[in-house]
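Below sits a lone chain in structure tokens, taken as the form predicted on its own.
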């Protein structure tokens, strides 16, 4: 199968029980509704949506933390509804959460990174090689004997990513990994996951509400109220400024600047995504004046 993740008419329904009028009542909520998504092996996909849209629910499905109410989700060819494949699925797709402190379990960096492989029963000499290799991959080799508590937020998140990498997944799912970080920490984490995708060929599924992070992806998927409402390349998605705003989302800052300039009659490309593209467009504009 050429797809790392393949969703076919995927549905997920949350159920909650509560007391009302001295009665116990049950309420259901459809978080994902007939979702069809194909994520190619080795690709970098960003998933966008406002709070409560269903994007984090989809992320948890990929790691089999929850399984479909209806429909099917395959991860690396494994059907997530089949219990006998859960171990294979979690080895195929590692998960990085918003708060790195929730994933760091040891008091020394290298011991934390070794935790996953140890639980897999990997031989000690191989664990040592894996730990050294992944710490180098995320640029944290110099910190291997330090306490995670002494690190910055961005450094902690890179350690969390290293811990997942040490288990040799083919895919990494990141659920808003930069939400708690300062700009420098966000930059560090984005450089790390982009490099892992481009140089190591690891499939990246990045859940984010930062539009400038989504710009780096090969494809962007927008989920609204549990439904996939937009899908395409960053340029194809972010050029639709009014539509994104209707779904409660922003666009990259320079894209909005281009949008407003065009509204004022200035002939500038609508699909500008980066400051470099904006500078190039302005230089071209000056040549025509």
Partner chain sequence: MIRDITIGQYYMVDSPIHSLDPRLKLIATFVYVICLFIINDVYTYAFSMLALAGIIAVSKVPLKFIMRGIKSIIVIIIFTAIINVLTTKGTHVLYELGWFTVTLEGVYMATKMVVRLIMLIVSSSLLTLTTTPIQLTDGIEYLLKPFQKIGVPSHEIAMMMTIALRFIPTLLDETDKIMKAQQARGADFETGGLMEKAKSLVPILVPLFISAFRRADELAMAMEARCYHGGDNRTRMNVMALQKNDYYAMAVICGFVVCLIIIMLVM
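Computed from a prediction, not measured in an experiment: that's the story for all the values here. Positions refer to the first chain, counted from 1.
Not on display, but discussed next: the form predicted in complex with its partner chain.
Student: Consider the chain as shown here, without its partner, and state which of 188, 212, 176, 110 has a heavy atom within 4.5 Å of its partner chain in the predicted bound form.
Tutor: Result of the distance check: 110.
Student: Please pick out the stretch from 191-199, 204-212, 71-79, 163-171 that is in contact with its partner chain in the predicted bound form, where contact means heavy atoms within 4.5 Å.
Tutor: Contact-bearing stretch, as computed: 163-171.
Student: Does at least one non-hydrogen atom of residue 33 fall within 4.5 angstroms of its partner chain in the predicted bound form?
Tutor: Contact check for residue 33: no, nothing within 4.5 Å of its partner chain in the predicted bound form.
Student: Closest heavy atom of residue 235 to its partner chain in the predicted bound form, within 4.5 Å or not?
Tutor: Close contact is absent here: in the predicted bound form, residue 235 is far from its partner chain, nothing within 4.5 Å, heavy atoms only.
Student: Is residue 133 close to its partner chain in the predicted bound form, meaning a heavy atom pair under 4.5 Å apart or at it?
Tutor: Output for residue 133 is no: heavy atoms all beyond 4.5 Å of its partner chain.
Student: Find out whether any non-hydrogen atom of residue 103 is located within 4.5 angstroms of its partner chain in the predicted bound form, and reply yes or no.
Tutor: Yes, residue 103 is a contact residue.
Student: Does every residue of 95, 116 and 149 put a non-hydrogen atom within 4.5 angstroms of its partner chain in the predicted bound form?
Tutor: Yes.
Student: Heavy atoms within 4.5 Å of its partner chain in the predicted bound form is the criterion; list the residues of 180-207 that meet it.
Tutor: Nothing in the stretch sits within 4.5 Å of the partner.
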